[in-house]
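Take a look at this single chain in C-alpha cells; it is the form predicted alone.
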C-alpha cells in the first residue's frame, strides 16, 4: 500500500467492551478492581486473580451528583469517578484503588475512606516524587502493604514465583505498547483506532492485550512511513477522542505520545527476585512525569527527544481543566520548545464536554502552521 495513501484501514480489530470483559472475568471466578489514575502495580492484582479496570472518568458523564461533595474547580476526571460511584456503577467491582497522583485524587481517596464509604474494600497508594533508592524502598513497602490487605481479603497467598510471572507478563504488554508507539508512522490506520487499541490495555488482561496488539501490528504494518505531518500529544488523556479525527483530517499524525494513559507509563523492565521491589522500580523509573514532580528540564528534554525521534514540529498540550500539576510546567515547556523551533498550543478540555467548534478551529489552524 502506498505510503501517501489518505485512506486508512479501519475497524479490523475486534475489541470487546469493558462490560463484556468484566462479565467474562467474573464468570470465570475472578474479581475486579476499579483503579483511579494512574501509576499502580497491575501485576500485584493479577496475581490474586483480580482484574484491574482503570477509571479515567468515564467521559461524557453528567456529574451533577459529585458537585455537592467536591468543588466545581476540581478536574472532570475526579468528578466523573465520584459520580460514577454515586450512581452505583462501581457495584460490579470488588475493590477500589486510588493512587495519590495529585491533590484532587488524594482528596477523593479521603472521601472514599472517611465520608462516602463504598461497600468495596478501598485502598490508597502513595507514589513517591523522587527517583532515589529510598523512593524505591518506600514504594515497595506501599505495594507490600496492599499485598497483605489483599491476602486477608481473598484468603490466598501468591508466592514470589506467581508475582514474578505476572510482572513479566505485564512487562510484555508494556513492550507491545512501546512497539506500537515507536512504529506509529508505519501503521496504516487512523489515530482514533490506534488509541482505542492501545488504551484497551486499561481494562484487558495483559495476555489478551498482547494478542490483540500483535494482531494490530501485523494487520496495519506497512513498509514505508505514512506521509503525514507528525505531531506530539501531551497531557492526561485523549478525551474527547474526537481531537484525533481533527488532527487526521488536517493531514496530521500523532507520532509521539506524552499522555498519562500511555507514554508516561512505558515502564522499563525490572530485574531481581523481590517482586515488590521489581514493581516499585518500574514505576519509580518511569518516563519524566508531572505527577512525579520531575524537573522542568527533565520534562522538556523528554519532549524534545520525542520530537527529534519522530520529526514532529509541533506539540499539542491537551490539558484537562484545573489540572494544576500540568499547568505548572506549561510556560517553561512551551518556552523551551519554542527555543528549539518547535511550535506548541494549549487546549483546555473537560472530558465530559463535546469538542467545541472553537477548539476544532484552533487545532486546524495550528496544524496548518506545521511544515
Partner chain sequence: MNVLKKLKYALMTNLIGKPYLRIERKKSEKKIAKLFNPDSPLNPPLKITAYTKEFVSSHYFKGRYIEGVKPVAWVTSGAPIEILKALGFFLIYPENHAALCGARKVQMDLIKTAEKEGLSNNVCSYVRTDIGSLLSGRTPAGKLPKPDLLLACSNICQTVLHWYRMLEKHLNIPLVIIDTPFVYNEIEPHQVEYVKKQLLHSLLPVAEKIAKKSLKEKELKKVIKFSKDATELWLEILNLCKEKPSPLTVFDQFVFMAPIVEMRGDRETVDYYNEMYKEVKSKVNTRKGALKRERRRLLWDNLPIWFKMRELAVKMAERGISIPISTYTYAWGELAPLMDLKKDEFEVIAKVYLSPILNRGTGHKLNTMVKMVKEFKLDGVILHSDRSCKPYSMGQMDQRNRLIEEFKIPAMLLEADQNDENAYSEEQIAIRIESFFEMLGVSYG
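Residue numbers count along the first chain shown, from 1. None of the values given here were measured: they were computed from a predicted structure.
There is also a form predicted together with its partner chain; it is not shown, and the following applies to it.
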{"item": "Proximity to its partner chain in the predicted complex, single hit among 297, 214, 207, 249 (heavy atom within 4.5 Å)", "value": "297"}
{"item": "Contact residue in the predicted complex, from 345, 304, 70, 61 (heavy atom within 4.5 Å of its partner chain)", "value": "70"}
{"item": "Stretch in contact in the predicted complex with its partner chain, which is absent here, among 169-177, 225-233, 88-96, 288-296 (heavy atoms within 4.5 Å)", "value": "288-296"}
{"item": "All of 199, 239 and 245 within 4.5 Å of its partner chain in the predicted complex, heavy atom check", "value": "no"}
{"item": "4.5 angstroms heavy atom contact with its partner chain in the predicted complex for residue 109", "value": "yes"}
{"item": "4.5 Å heavy atom contact, residue 269 and its partner chain in the predicted complex", "value": "no"}
{"item": "Exercise: residue 74 in contact with its partner chain in the predicted complex, heavy atom 4.5 Å", "value": "yes"}
{"item": "Heavy atom of residue 103 within 4.5 Å of its partner chain in the predicted complex", "value": "yes"}
